[in-house]
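Next comes just one chain, in C-alpha cells: the form predicted on its own.
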C-alpha cells in the first residue's frame, strides 16, 4: 500500500482516510462484499493511530458504504452503490422541503396540470375562452404600433412612461386621479401581490381578507411568512380588526367588484365603511379591481376613489379582459411605495415585457379596448344566460346560487357537503375540471366556482350534465351512509 495521509494537508487525517476508502469503493477496487483490512493493520500501514482509522470506518458505516458482520469483520455494504449515488448528488428533496415558497395543495397542482389538456372540459378556470380573445384585432394592431430601439429595450423601473400616462387618463373614468410616478407596471395582478409581500410587510404581518378568498389558492403572502386571517364585514369590523391586529403590521386585501370566487359586489356604502374602518386603524387596503370592467351593470366607484390619505393600493390588469398572455397589470399608490415596489421588481425580473406594454398602451389610447370590452360583456351575458338556464332546469333540487352580476363565475352551492377531493377526482376521471370550494376556504365542502367564460356552449352543456350525474350519485351515497 503506497498511499498515506499527508500530515500538512488542510484536511484532517480522518477526512483523508475517509476520502481514500471511499475512492477505493467508487473505482471498484473494493467491490461489494470485500472485507476491509483490520483496523490495527490499516493503522500500521497508514502510519496513524488506530482510533483515527476506527473513526473513519464508523463514518463510512454511517454513510451506508461499510457494514459490520459480527465475529467476521467490516465489509463493503450491499447497498454501497446507492449510498454513493445519493452522496454524489445534491439532496434536492431536502432543498425543496426547506425552501421559502411552499407548494400548492395537490388539487391546485392538478388543476394547473389538467388545464393544459384539450380534451378536458374546464368548468372552473379563471380565463377567457380563446374565442373571446381579440386575436385578429391584436394582430392587426401590431401594424399600427411604432417601435424603436429604446422602446423595445429594458423597461424603466416604473414601466413604460407612455403607458403610465395613458393609464392616468383611463383611471380618471374610475374616479382615480393620479400621476405617472404613482403607477407601477407589473406582470399581472399576482406579481403585484408578491411585490407587496416582499417589499412592504415584515415576517409575521397579518393579511386580513374575506372568507372564502382567492388568496388561499395562491401563496404570495403565506410563503413570505405572513399570517392570513379571514374576517366578516359587519358592524363589529373595527373592533374585530383592532383586537386581532394589536401592534402588528397588517393589510386588508379585498376584491370589491365581482369578488373571486363568490361574485359578490360591495355597495358604495360598504366600500366607504371599509375605507373608514381601515383608515381609523391605519391598516392599508389592497384593492384588487381586475374584474370591474366585466360587470353587466355600471360599476360603482372603487375604494381608491375615496382615498385621501394614501391608504389604498389599487391593482388593475388586462388579463381578464384583453389577454392573460400579455401579463400586464398596474399598481397605483403613494410615490414612496411605488418606488419601493419598483426596486423589488427590478431585482426580480428587470421589467415587464416592453412589447406587451406597447400593445396595451395602443389599445387603451384608442377605441379598440373599450369596443372589445363592450363586446366581451355581451358575450359573457349570453354564456351566463345559457348556464343559468341549465341550472334552473337541472340543478334546483340539488344546489342553489345567486344570479351572476358579471365576470366569469357562479358560486354554486350544493345542498349537501359533497365537494371533497374524491368528488373532484371523480369529475376529473370524466374529464371535467372544477374549482372546488375547499381551495378557497379549507372547510368548504359545499361550493364550486363554476366558470362560464372558458368552455364552449357544447362543452358547458356536456360538463354540467356530468356534474349533475356525479353530484346526484354523491348525494345518494351520503344519504345512504347516514341511515
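Positions refer to the first chain, counted from 1. It should be emphasised that the depicted structure is a prediction, and the values quoted were computed from it without experimental measurement. Take the two forms, find the largest set of C-alpha atoms that superpose within 1.5 Å, and that set is the rigid core.
Beyond what is shown, the protein has a form predicted in complex with another copy of the chain; the following relates to that form.
Chemist: Find out whether any non-hydrogen atom of residue 71 is located within 4.5 angstroms of another copy of the chain in the model of the complex, and reply yes or no.
Modeler: Judged by the heavy-atom cut-off of 4.5 Å, residue 71 is well away from another copy of the chain in the model of the complex.
Chemist: Would you check, heavy atoms only and a 4.5 Å threshold, whether residue 165 touches another copy of the chain in the model of the complex?
Modeler: Residue 165: yes, in contact with another copy of the chain in the model of the complex.
Chemist: So in the model of the complex, does residue 369 come within 4.5 Å of another copy of the chain, heavy atom to heavy atom?
Modeler: Flag for residue 369 set to no.
Chemist: In the model of the complex, does residue 119 have a heavy atom within 4.5 Å of another copy of the chain?
Modeler: No, residue 119 is distant from the partner.
Chemist: Would you mind picking out the stretch of 293 to 301, 374 to 382, 262 to 270, 94 to 102 that comes within 4.5 angstroms of another copy of the chain in the model of the complex, counting non-hydrogen atoms?
Modeler: Of the stretches listed, the one contacting the partner is 94 to 102.
Chemist: Of these, 172, 400, 156, 227, which has a heavy atom no more than 4.5 Å from another copy of the chain in the model of the complex?
Modeler: Contact residue from the list: 156.
Chemist: Looking at 107, 213, 404, 356, which has any heavy atom no more than 4.5 Å from another copy of the chain in the model of the complex?
Modeler: For this set of options, the contacting one is 356.
Chemist: Is another copy of the chain in the model of the complex near all of 133, 190 and 323, within 4.5 Å of a heavy atom of each?
Modeler: Yes, the whole trio is in contact, each within 4.5 Å by some heavy atom.
Chemist: Along 165 to 204, which positions have a non-hydrogen atom within 4.5 Å of another copy of the chain in the model of the complex?
Modeler: Residues within 4.5 Å: 165, 177, 178, 179, 180, 181, 182, 187, 190, 191, 194, 197, 198, 199, 200, 201, 202, 203.
Chemist: At a 2 Å cut-off on C-alpha positions, does residue 31 qualify as shifted between the shown form and the other one after fitting the rigid core?
Modeler: It does shift by 2 Å or more.
Chemist: Return yes or no for residue 21: a CA shift of at least 2 Å between the shown form and the other one, with the rigid core superposed?
Modeler: It does shift by 2 Å or more.
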